[in-house]
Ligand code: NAP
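First comes one chain, alone, set out as structure tokens in the form predicted on its own.
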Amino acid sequence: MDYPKKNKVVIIGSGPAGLTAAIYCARANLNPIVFEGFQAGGQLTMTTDVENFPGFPDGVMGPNLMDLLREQAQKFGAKCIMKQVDKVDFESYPFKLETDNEKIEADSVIISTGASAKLLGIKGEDEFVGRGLSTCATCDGFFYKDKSIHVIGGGDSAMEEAIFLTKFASKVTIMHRRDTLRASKIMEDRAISNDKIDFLWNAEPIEFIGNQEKGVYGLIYKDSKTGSEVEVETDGVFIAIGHNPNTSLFKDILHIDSNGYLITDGKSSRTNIRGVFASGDVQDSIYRQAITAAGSGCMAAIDAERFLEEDYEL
């Protein structure tokens, strides 16, 4: 697709935040360009049923939801380009971006590159993500009412996920590769005192087992003390070993917190560079939901529109 090389707004990322920002920018006649990256639609493209996004009482498939958001953005004039931004230059103005050895200019930039859940890299993982294997309890916990499930991890995230999942599951087993947790004492105590939570210690997952019909129905782990391999049945698995915000492109350029997330100014989407805004999971280490990402995409679009009205120059 041909697209302008000089733009009022360039949006990097195409999840709920990026596409919502595109909708708002397009309706404001800012003619945004969206660089979708290599995973157009973000993490939701790896999710099956989405039941907690407002406006879909019967739920919606994750990829379908992203297609609808993209269609809506394009309807108002946004251009979605399936390319990755490889380099940014925020020191001069207009800002410079590079993709596939092409250089483009932008009067403002909205960063919506998201965060990627850390995965284990074991057999069956890629095959069953979204099919009995999840990285988000608040997104998918509802599907496991009265089920027996496993949570993999030993930090605060794993304890939080496990405790939340007890609202639905009949039993939650926390699987940890060591015999002590990394979680804070208060979170460890809460998990241990929960009657629905059991622990499987010294268990290092090595394979997820399932099929096309059922999805995941079991996993194999190695006992780190004996070296023996053990197969266990499960109704579902949640991997809770943290997230990696996709901020490597902006290292040493924008302010990033100790966990790697972009820092925004107060309740706004403004970064430390005027005219550059951040929205969605790339700057949200707390909520990480599609609807909160979409809301912050709206904020970034409004912030960008107001910035452009200032006729700013470096």
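Position 1 is the first residue in the sequence shown; the rest follow in order. From a predicted model like this one, the values you see are computed outputs, not experimental measurements. The term rigid core refers to the most C-alpha atoms you can superpose between the two forms while keeping them within 1.5 Å.
Separately, the form predicted in complex with the named molecule exists; it is not shown, and the next lines address it.
J.: Quick one: does Q289 come within 4.5 Å of the named molecule in the predicted complex, counting heavy atoms only?
T.: Yes, Q289 lies within 4.5 Å of the named molecule in the predicted complex.
J.: Give a yes or no for G210: in the predicted complex, does one of its heavy atoms lie within 4.5 Å of a heavy atom belonging to the named molecule?
T.: Taking the distances in the predicted complex, the answer for G210 is no, it never comes within 4.5 Å of the named molecule.
J.: With heavy atoms only and a cut-off of 4.5 Å, decide whether I81 touches the named molecule in the predicted complex.
T.: Although the named molecule is absent here, I81 would stay clear of it in the predicted complex, with no heavy atoms inside 4.5 Å.
J.: Using a 4.5 Å heavy atom cut-off, state whether G215 contacts the named molecule in the predicted complex.
T.: Contact check for G215: no, nothing within 4.5 Å of the named molecule in the predicted complex.
J.: In terms of non-hydrogen atoms within 4.5 angstroms, which of the given stretches 247-255, 64-72, 280-288, 264-272 touches the named molecule in the predicted complex?
T.: Contact criterion met by 280-288 only.
J.: Could you check which residue among R178, K96, K167, K123 gets a heavy atom within 4.5 Å of the named molecule in the predicted complex?
T.: None of the other options qualify; the answer is R178.
J.: Out of D140, D156, D235, D107, which one falls within 4.5 Å of the named molecule in the predicted complex, going by heavy atoms?
T.: Contact residue from the list: D156.
J.: For the heavy atom contacts within 4.5 Å of the named molecule in the predicted complex, list the residues of 224-248 involved, in sequence order.
T.: Heavy-atom contacts to the named molecule in the predicted complex: A240, I241, G242, H243.
J.: Could you tell me whether the Cα atom of V85 shifts by at least 2 Å between this form and the one not shown after core superposition?
T.: V85: C-alpha displaced by less than 2 Å between this form and the one not shown.
J.: For V151, is the C-alpha shift between this form and the one not shown 2 Å or more after core superposition?
T.: Result for V151: yes, a 2 Å-plus shift.
J.: L219 and P63: do their C-alpha atoms lie closer or farther in the predicted complex than in the form you see, with a change of 3 Å or more?
T.: It is farther: in the predicted complex, the C-alpha atoms of L219 and P63 lie at least 3 Å more apart than they do here.
J.: Pin down for me whether the I186-Y287 Cα distance shrinks or grows in the predicted complex relative to this form (closer or farther, change of 3 Å or more).
T.: It is closer: in the predicted complex, the C-alpha atoms of I186 and Y287 lie at least 3 Å nearer than they do here.
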